[in-house]
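Only one chain comes next, encoded as C-alpha cells, the form predicted on its own.
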Amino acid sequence: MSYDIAIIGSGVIGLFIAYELAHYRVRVLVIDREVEPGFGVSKGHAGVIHVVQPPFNSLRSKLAVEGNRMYDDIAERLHVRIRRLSALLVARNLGHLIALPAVWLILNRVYGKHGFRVRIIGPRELHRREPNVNGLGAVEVEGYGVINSFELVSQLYNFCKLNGVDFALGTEVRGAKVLDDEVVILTNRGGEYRAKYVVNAAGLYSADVARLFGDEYRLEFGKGGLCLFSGGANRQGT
C-alpha cells in the first residue's frame, strides 16, 4: 500500500490534482471519508467560473484568471458542459451610479489586459438583458462561466480511475507519522497507507488534517446567500 503521492480529499481540487498527476508515471492514491467523490463542499457550490476575485494582487485572484482560461479546453477534453456568459455589477442607487466609472477603470486595468472585456452599460441595456433587475446601470465583465459541477466531478473521477489512480473512499484519515523518507497515513479502517508526498485537499476539514501532520492553522467561516436559477432563458447577464 505504498504510493508516490497521497491526496486527502476527493472534491474538485483533489480530483483536479489527481487528474494532472494521472498524466505521469506515478502511483497516486485519493483518500476521502465520504463514500462518493465530490460529496463535500463540491456538491453544493454553484459551478461558477469567476473572473473578478479581490483583492486583485492576491494569489487567489491570479489563479482565478489562469484557471478561467483553462476551463474551455478541460471541458472539451472531459466532455463536460460549460456555458460562457457575463457578470453584471449593478448600480442600485445614485451613489452606485457615480462610482461606476471608477469601478470600470479598476476592473478594466486589472482584467482588460488578460483579455476580459469590461464595459459600462446603461439602464435601457440593463433592462433588456435582465428585465427583473432594477438598476440605473451596470459594469459588465465578460468571461464568466457556468459548468455542470456534477458532470465535472464524475468525469474527473472516471478519467483518474481509467488512468491508474487508486481511491480509498469511505476512509477517514485519523493519524499520520512523518518519517524521514515517507509519510504513514492511519485510517479509521485500521489499515495504513504510505506515500512519499501528501497533498491536503480536505477543504473545510483541511485544518483538522493539517494538525495530524503537525501543522497548525485556522479556517474562519462565514455565511452567504446564493440563489440558483434554472431553465431555458437565453440571457447573457447574471
Ligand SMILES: Cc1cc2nc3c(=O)[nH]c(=O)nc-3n(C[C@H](O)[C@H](O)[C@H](O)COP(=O)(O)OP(=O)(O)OC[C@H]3O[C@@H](n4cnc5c(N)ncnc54)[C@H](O)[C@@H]3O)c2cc1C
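Owing to the predicted nature of the structure, the values given are computational and were not obtained by experimental measurement. All residue numbers are counted from 1 along the displayed sequence.
FYI, the form predicted in complex with this ligand isn't displayed, but the following is about it.
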- Task: Flag residue 184 as yes or no: does it have a non-hydrogen atom within 4.5 angstroms of any non-hydrogen atom of this ligand in the predicted complex?
- Result: no
- Please check if residue 13 has a heavy atom lying within 4.5 Å of any heavy atom of this ligand in the predicted complex. yes
- Is residue 31 close enough to this ligand in the predicted complex to count, meaning some heavy atom within 4.5 Å? yes
- Item | Touches this ligand in the predicted complex: residue 8 (any heavy atom, 4.5 Å) | yes
- Task: Heavy atom within 4.5 Å of this ligand in the predicted complex: which of 196, 177, 69, 50 fits that? Just give me the one.
- Result: 50
- Query: Quick check: do 201, 205 and 209 each get a heavy atom within 4.5 Å of this ligand in the predicted complex?
  - Reply: yes
